[in-house]
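As a starting point, one isolated chain is supplied in structure tokens, in the form predicted on its own.
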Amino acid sequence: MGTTLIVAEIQNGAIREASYELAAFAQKIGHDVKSVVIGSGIGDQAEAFAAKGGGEVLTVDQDGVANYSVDAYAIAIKAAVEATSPDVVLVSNTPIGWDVAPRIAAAQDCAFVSDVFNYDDGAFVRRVFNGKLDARVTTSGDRVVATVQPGAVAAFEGSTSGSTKPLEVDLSGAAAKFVETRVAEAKGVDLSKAEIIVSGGRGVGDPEKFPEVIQPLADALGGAMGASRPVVDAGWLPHEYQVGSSGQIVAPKLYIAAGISGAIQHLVGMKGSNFVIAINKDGDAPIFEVADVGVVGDLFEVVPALTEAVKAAKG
């Protein structure tokens, strides 16, 4: 039947929502499910995960992993892999997942597939070419490590009769040690509190167009301006403007996406929006799949016209 090992994460004292999504994703694969929970004083969290799709949950409960360290976590996960001999290792596509998943794959000398959002007929499915195409990825070998986009599937629902089991791990080989966590002083744009967001994507063309086209509509609506990851990666806007799984997760009353194709990591960041308007000249853009209203057209014509209409309505 095969085995899938879930690497669960703890956030703010509880199992992260994305880990329950991994439990649902594991059901798609159809293997026997096992999990590993890492931290200190994590008995309650492990039991909670075992009861909601985690299967047999191995607990690495030690002071040495009370805080995240990639070396220590990699050692702990390697021990869990050796204890369970999984065919598939699932890790959330979160900052911790980005950091540790490639190390797991390298240590196991096995296949690695990142940013997947579906599993269909033996293949992992991920978006490529900025979300315009879906790639079906199959792997060779006995094992594969895959990172799954948060929000790609709904979290596991219902209850299961899982169990927990301690796993002793020698962490003495960890070269890096946790020292402290420093939280940057809050500054810039807090999109998570905005009720209206107007976001621009790579389709805006160049950085000068954001203050000329996108910001005026946001101002007219009394909202905030956001952006997609390609815009931030290109250096057009600072990271605090980014909406997506690697940026800010938002849930405004109104979300307007202009020139954004709709890569899965962006959709994850704005899926909680109450009403979505998409403006894109590509009628096949994935963003239209989640939009309540879709406008197929040139954003440089549509957005300024919409801005003037909003100003006129306000008198």
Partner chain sequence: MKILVCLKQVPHQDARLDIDGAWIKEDGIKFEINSYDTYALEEALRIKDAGEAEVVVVSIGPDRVTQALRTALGMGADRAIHVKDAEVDGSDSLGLAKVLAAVAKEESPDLVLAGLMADDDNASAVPPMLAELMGVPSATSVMKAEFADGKVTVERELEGGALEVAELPTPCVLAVQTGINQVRYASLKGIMAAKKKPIDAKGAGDLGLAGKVGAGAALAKVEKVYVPPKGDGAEIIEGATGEVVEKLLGKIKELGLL
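Note that the rigid core is defined as the largest set of C-alphas that superpose within 1.5 Å between two forms. Positions refer to the first chain, counted from 1. Not measured: the values here are computed from a predicted model.
Only in words, not in the display: the form predicted together with the partner chain, which the text now covers.
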- Task: Answer with one of Q62, S246, S273, Q45: the residue that has a non-hydrogen atom within 4.5 Å of the partner chain in the model of the complex.
- Result: S246
- Testing 82 to 90, 207 to 215, 163 to 171, 98 to 106 against the partner chain in the model of the complex with a 4.5 Å heavy atom criterion leaves exactly one stretch, namely 98 to 106
- Query: Does V296 reach the partner chain in the model of the complex, with heavy atoms at most 4.5 Å apart?
  - Reply: yes
- So in the model of the complex, does any heavy atom of V137 sit within 4.5 Å of the partner chain? yes
- Task: Answer for I10 alone: is it within 4.5 Å of the partner chain in the model of the complex, judged on heavy atom distances?
- Result: no
- Distance check, A66 to the partner chain in the model of the complex, heavy atom within 4.5 Å: no
- in the model of the complex, residues of 197 to 226 near the partner chain [heavy atom within 4.5 Å]: R202, L221
- Task: Taking the rigid core as the superposition reference, indicate whether the CA of E157 shifts 2 angstroms or more between the shown form and the other one.
- Result: no
- Task: Look at K281 and decide if its Cα position differs by 2 Å or more between the shown form and the other one after superposing on the rigid core.
- Result: yes
- Would the C-alpha of I264 be classed as shifted by 2 Å or more between the shown form and the other one after rigid-core alignment? yes
